[in-house]
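Have a look below at one chain only, the form predicted alone, in structure tokens format.
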Amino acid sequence: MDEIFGKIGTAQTLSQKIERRIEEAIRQKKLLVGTKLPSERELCEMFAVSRTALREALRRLSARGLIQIKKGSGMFVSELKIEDAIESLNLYYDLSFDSDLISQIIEVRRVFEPEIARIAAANRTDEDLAALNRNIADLADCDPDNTQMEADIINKFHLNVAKATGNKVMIISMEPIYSLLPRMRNLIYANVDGEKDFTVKAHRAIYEAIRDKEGEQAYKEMAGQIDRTLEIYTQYLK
């Protein structure tokens, strides 16, 4: 492991350089998931740095989920999961939530979601169809005064469309965006009459196109729903 844990120069902050050296080794799979790192004392000797600088680097690596520090056992390379990436984006979007972010989210949805619906129509399974159909039924049966539950069900529908593509990257990219839909919906549609009925109808049209493997129709129906969201949000800003 000498090439990984060689002496550190002083051009940058020592802790940053240690962090980058270990991260690079993980990225290049020189350190595989589950690999146990040398002890703190050994790392200090290998890097020729103080324990303070080393511990700061290890703390940041642990906070980012790249390594796991187990008391009494040592330090190990962590397995990064889809949930970790999604959670980081969820936090970013929550902290950045404002009118500009909402506009940007709608733009992103207009670009990607119609194509997602098209791909879902080609790749969906019977299980995917059952989940989408269940979402529509839940939305239709939902108490109209329970706007939070309505928004959560709508979020699940769009997420299930993305899952029907069978593309993990699609899910990672879109799930944090869908997590904002409840907040966006409560803000944009708060005073729009008949919105629930429209949404049930729109979701049913999207579902039927996906069910029938009509990719172009699925694209059209999804684009129409998001165009309406943009139209209503534009009116809301006036």
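The structure displayed is predicted, hence computed values, not measured ones. Heads up: residue numbers just count along the shown sequence, starting at 1.
Just so it is clear, the following notes concern the form predicted in complex with the DNA, a form of the same protein that is not shown.
K.L.:
Considering the DNA in the model of the complex, which of T125, S73, Q104, Q148 comes within 4.5 Å of it through any heavy atom?
P.N.:
Contact with the DNA in the model of the complex is made by S73 alone.
K.L.:
Which residue, R211, K196, R64, R55, has a heavy atom that falls within 4.5 Å of the DNA in the model of the complex?
P.N.:
Among R211, K196, R64, R55, a heavy atom within 4.5 Å of the DNA in the model of the complex occurs only for R55.
K.L.:
If contact means a heavy atom within 4.5 Å, which one of 172-180, 65-73, 198-206, 22-30 is the stretch that engages the DNA in the model of the complex?
P.N.:
Single hit among the candidates: 65-73.
K.L.:
Since only the chain is shown here, I'm wondering whether V49 would be in contact with the DNA in the model of the complex (any heavy atom pair within 4.5 Å).
P.N.:
Although the DNA is absent here, V49 would touch it in the model of the complex, with heavy atoms inside 4.5 Å.
K.L.:
In the model of the complex, does E45 have a heavy atom within 4.5 Å of the DNA?
P.N.:
Contact check for E45: no, nothing within 4.5 Å of the DNA in the model of the complex.
K.L.:
How about Q225: is it within 4.5 Å of the DNA in the model of the complex, going by heavy atoms?
P.N.:
Heavy-atom contact with the DNA at 4.5 Å: absent for Q225.
K.L.:
If we define contact as a non-hydrogen atom of the residue within 4.5 angstroms of the partner, is L14 a contact of the DNA in the model of the complex?
P.N.:
Contact with the DNA, yes.
K.L.:
Taking the DNA in the model of the complex, which residues along 28-42 bring a heavy atom to within 4.5 Å of it?
P.N.:
Heavy-atom contacts within 4.5 Å come from P38, S39, E40, R41, E42.
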